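Below you'll find only one chain, the form predicted alone, shown as structure tokens.
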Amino acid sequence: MEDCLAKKMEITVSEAEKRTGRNAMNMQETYTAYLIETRAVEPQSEGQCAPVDSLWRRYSEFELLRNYLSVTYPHIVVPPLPEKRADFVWHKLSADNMDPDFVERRRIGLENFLLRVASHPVLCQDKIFYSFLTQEGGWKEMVNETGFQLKADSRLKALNATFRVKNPDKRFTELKHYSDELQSVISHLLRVRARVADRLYGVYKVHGNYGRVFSEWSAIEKEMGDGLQSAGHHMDVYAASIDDILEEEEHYADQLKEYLFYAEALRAVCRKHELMQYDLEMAAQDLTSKKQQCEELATGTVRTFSLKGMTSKLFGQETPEQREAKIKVLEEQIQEGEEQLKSKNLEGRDFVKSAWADIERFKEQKNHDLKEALINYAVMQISMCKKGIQVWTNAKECFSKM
């Protein structure tokens, strides 16, 4: 999309900095701040580059931005944030959210989040998002002034909708099931990768023992000494190479984790649709009930058992004037209810149309990204195996020269 923000502005999260300050409870805390740098893509006068604007943001501010976007655009699969604390880690990696390697990976993830939003055809045009990138002071106040928290649906209401909707949309039900399955599959994949990484690390590091033994052996051999010493050197290089390999592998694991969290973003859209359907069904039920009451008052017959019917039998019928007044009130409520129902139906149709367009866009993006990540992961594994073959080829040559 030509007019999206990502085409007009370069966005980077270039640095992460450990800071100490006081939180809302006036307690000392340590946190990480991230430097966001932006620059207009259009060249300035006389071919000069546009100046770079920069500001610092905490992870909690990224969370606030994402919450705002999720509530404001319920029909959109809002890009997820990178994990707050490390998960699916193998033993050598630290799960500490202040660990420099983890902070660096999160910095890359936060930059990716901003680029995802800036490339989205709808989200990129949001004024609050633009302020997040360009306005250091007063940004939180701007978000809170939108009153987005008041629009957020309660968990109890969402739970009610899940269990009490009578006519759920089959497409959204299937999508919800798919998102659960996607999350499950990627979770298993990440667990397997972590176990493989653990074992691979051990296997590579044990090769360092070959290096030590060959070196010790070379000391007692005259003719074979140089060859054994050289072979030992190749084994040491092989043992040390696993650190860089697994660091690169972590990058592909983070790409998979993004789609692990995207599964929840998909479910959020499904939940919103359930809530709209629930509201629609409740409004239709209320309208039917009022129409029945109106008919009963007009005809003087009670079709269903009600406390009002019993009361009128015990204490006598209402006067015609009282009945007419009640009928008039009910007719007004029915008219209002019909307008509301019509409005909710239109709102629901618009939501489905917009949501499904964004879900199709997401599917295309997901297919492209996951295919690319898996291919790159396979290429990396092939490269790693080739390096292993080269090490052993070199060792073989060392042995041949003895």
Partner chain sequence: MEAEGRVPGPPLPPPSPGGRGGAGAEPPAGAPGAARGPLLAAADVLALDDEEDDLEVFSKDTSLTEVNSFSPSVPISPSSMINQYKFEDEPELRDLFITVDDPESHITAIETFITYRVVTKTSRGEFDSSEYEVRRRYQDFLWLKSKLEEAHPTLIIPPLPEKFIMKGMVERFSDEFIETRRKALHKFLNRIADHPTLTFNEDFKIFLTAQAWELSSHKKQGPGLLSRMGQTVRAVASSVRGGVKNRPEIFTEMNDYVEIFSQKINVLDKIAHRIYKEEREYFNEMKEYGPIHTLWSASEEDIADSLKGVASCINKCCKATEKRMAGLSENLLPILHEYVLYSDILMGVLKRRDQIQGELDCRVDALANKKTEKDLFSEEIGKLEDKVECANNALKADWDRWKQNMQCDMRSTFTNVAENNLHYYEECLATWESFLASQTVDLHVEEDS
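Only a predicted model underlies this, so the values are computations on that prediction, with no experimental measurement involved. Positions refer to the first chain, counted from 1.
Note that the form predicted together with its partner chain isn't included here; everything after this is about it.
**Student:** Of the options F172, F132, Y262, Y238, which one has a non-hydrogen atom that comes within 4.5 Å of its partner chain in the predicted complex?
**Tutor:** If I apply the 4.5 Å criterion carefully, the residue I get is Y238.
**Student:** Ok, N209, T146, T299, S154: which has a heavy atom sitting within 4.5 Å of its partner chain in the predicted complex?
**Tutor:** Of the candidates N209, T146, T299, S154, N209 is the one lying within 4.5 Å of its partner chain in the predicted complex.
**Student:** Can you tell me whether K7 touches its partner chain? I mean in the predicted complex, with a 4.5 angstroms heavy atom cut-off.
**Tutor:** It does not: once its partner chain is placed as it appears in the predicted complex, K7 has no heavy atom within 4.5 Å of it.
**Student:** Report whether the minimum heavy atom distance between N367 and its partner chain in the predicted complex is within 4.5 Å.
**Tutor:** N367: contacts its partner chain in the predicted complex.
**Student:** Is R58 a contact residue for its partner chain in the predicted complex, using a 4.5 Å heavy atom cut-off?
**Tutor:** Contact with its partner chain, no.
**Student:** Is I108 one of the residues lying within 4.5 Å of its partner chain in the predicted complex, judged by heavy atom distances?
**Tutor:** Close contact is absent here: in the predicted complex, I108 is far from its partner chain, nothing within 4.5 Å, heavy atoms only.
**Student:** Has each of V103, F351 and I359 got a heavy atom lying within 4.5 angstroms of its partner chain in the predicted complex?
**Tutor:** No, the whole trio is out of contact, none within 4.5 Å by any heavy atom.
**Student:** Among 181 to 189, 272 to 280, 70 to 78, 124 to 132, which stretch has residues whose heavy atoms lie within 4.5 Å of its partner chain in the predicted complex?
**Tutor:** Of the options given, it is 181 to 189.
**Student:** What residues of 198 to 216, in sequence order, lie within 4.5 Å of its partner chain in the predicted complex by heavy atom?
**Tutor:** R199, L200, G202, V203, Y204, V206, H207, N209, Y210, V213, F214, E216 sit within 4.5 Å of the partner.
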